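Just one chain is shown here, as structure tokens, and it is the form predicted alone.
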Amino acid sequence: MLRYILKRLMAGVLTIVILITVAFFMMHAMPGSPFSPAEQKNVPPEILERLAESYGLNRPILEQYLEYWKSLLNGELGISFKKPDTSVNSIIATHFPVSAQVGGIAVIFSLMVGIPLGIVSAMHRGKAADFATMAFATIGISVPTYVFSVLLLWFFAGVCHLSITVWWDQWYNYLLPVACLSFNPIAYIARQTRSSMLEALEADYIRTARAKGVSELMVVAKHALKNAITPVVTYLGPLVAGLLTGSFVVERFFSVPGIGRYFVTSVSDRDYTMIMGIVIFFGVFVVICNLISDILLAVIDPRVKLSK
């Protein structure tokens, strides 16, 4: 197990190094800069030159790259170009917990709804419950998140005139963002669970368990589900990473003060330090979630060779 974890960890570290390098050089390859006259039309050129010098943007690109790594190894992601009095570390520390709280609830809700739906659909194959579940799953995968968000806003704010669409950090304010974030994952998990459950229920060991008189509940819960849950565990890594780091669309529509909106605004603002900080944070988070997912998969499924 230790060798397995170390290999995955080394692969994750290499991925992060490549991600940082590619993001850094691609970001600086874009035309212009945060302090170019085209971006700051009402600021005198002399002041723009001093700002670029103070942030080191007039130095050779390789020197900037090495200097950034030096700061990064010290745990510093830099100061935001658009908020000179605020560090990227403090922005992430302030806004990520909000995204993580909403996303964490969405992950739990997705698993609690998606897995039972898939099991029920598989156990009632070809019946009304199966058709209803698959219809919901097809709609859930096909409809984009922003469309579903707009529909919920229209219904609850425009038709029902409820204030739950405005963020006040109350329990009911979590309902709509969680519903939007979990809509697609529920559909995907339900389809995955159904497919793997159908395969598991036709296996020889399931027939043997039924022949021995084991109850259908135990057959499903103890035998079939253990193997059927494997694709869901594989999907769990990117799902957790995606939901916990926030969604720009959902956070924008429901005024959630999370980290997701900074991922887009930092690019339009040409806030280099913010772009790099969020890319690194998201990348590390995805690697950690995938590592945990791989370990869980190895524990659940004995067919996974830990030596690989």
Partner chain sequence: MTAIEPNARALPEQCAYSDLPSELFVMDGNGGEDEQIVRPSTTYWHDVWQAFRRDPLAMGGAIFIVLMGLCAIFIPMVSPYSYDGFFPLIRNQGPSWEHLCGTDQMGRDIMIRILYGARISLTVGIVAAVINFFIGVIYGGISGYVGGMVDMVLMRIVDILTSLPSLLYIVLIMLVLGSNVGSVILALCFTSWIGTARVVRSEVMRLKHSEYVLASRLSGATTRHILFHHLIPNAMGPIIVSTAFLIPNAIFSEAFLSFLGIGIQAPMASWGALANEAIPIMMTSPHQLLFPVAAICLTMFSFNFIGDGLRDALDPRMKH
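Residue numbers count along the first chain shown, from 1. Computed from a prediction, not measured in an experiment: that's the story for all the values here.
Heads up, the form predicted in complex with its partner chain isn't pictured, but that's what we're talking about next.
* **Region of this chain that lies against its partner chain in the predicted bound form, out of 139-147, 174-182, 76-84, 92-100 [heavy atom, 4.5 Å]** => That would be 139-147.
* Non-hydrogen atom contact Leu57 with its partner chain in the predicted bound form at 4.5 angstroms -> Because no heavy atom of Leu57 falls inside 4.5 Å of its partner chain in the predicted bound form, the answer is no.
* Contact test in the predicted bound form: Tyr68 vs its partner chain, heavy atoms, 4.5 Å -> No, no contact at 4.5 Å.
* Asked: Just to confirm, Leu243 within 4.5 Å of its partner chain in the predicted bound form by heavy atoms?
  -> Answer no; every heavy atom of Leu243 is more than 4.5 Å from its partner chain in the predicted bound form.
* 4.5 Å heavy atom contact, Ile275 and its partner chain in the predicted bound form -> Yes, contact at 4.5 Å.
* Asked: Of the options Val249, Val256, Ile259, Leu239, which one has a non-hydrogen atom that comes within 4.5 Å of its partner chain in the predicted bound form?
  -> Answer to the contact question: Val249.
* Taking heavy atoms and a 4.5 Å limit, what residues of 78-94 are near its partner chain in the predicted bound form? -> None of them.
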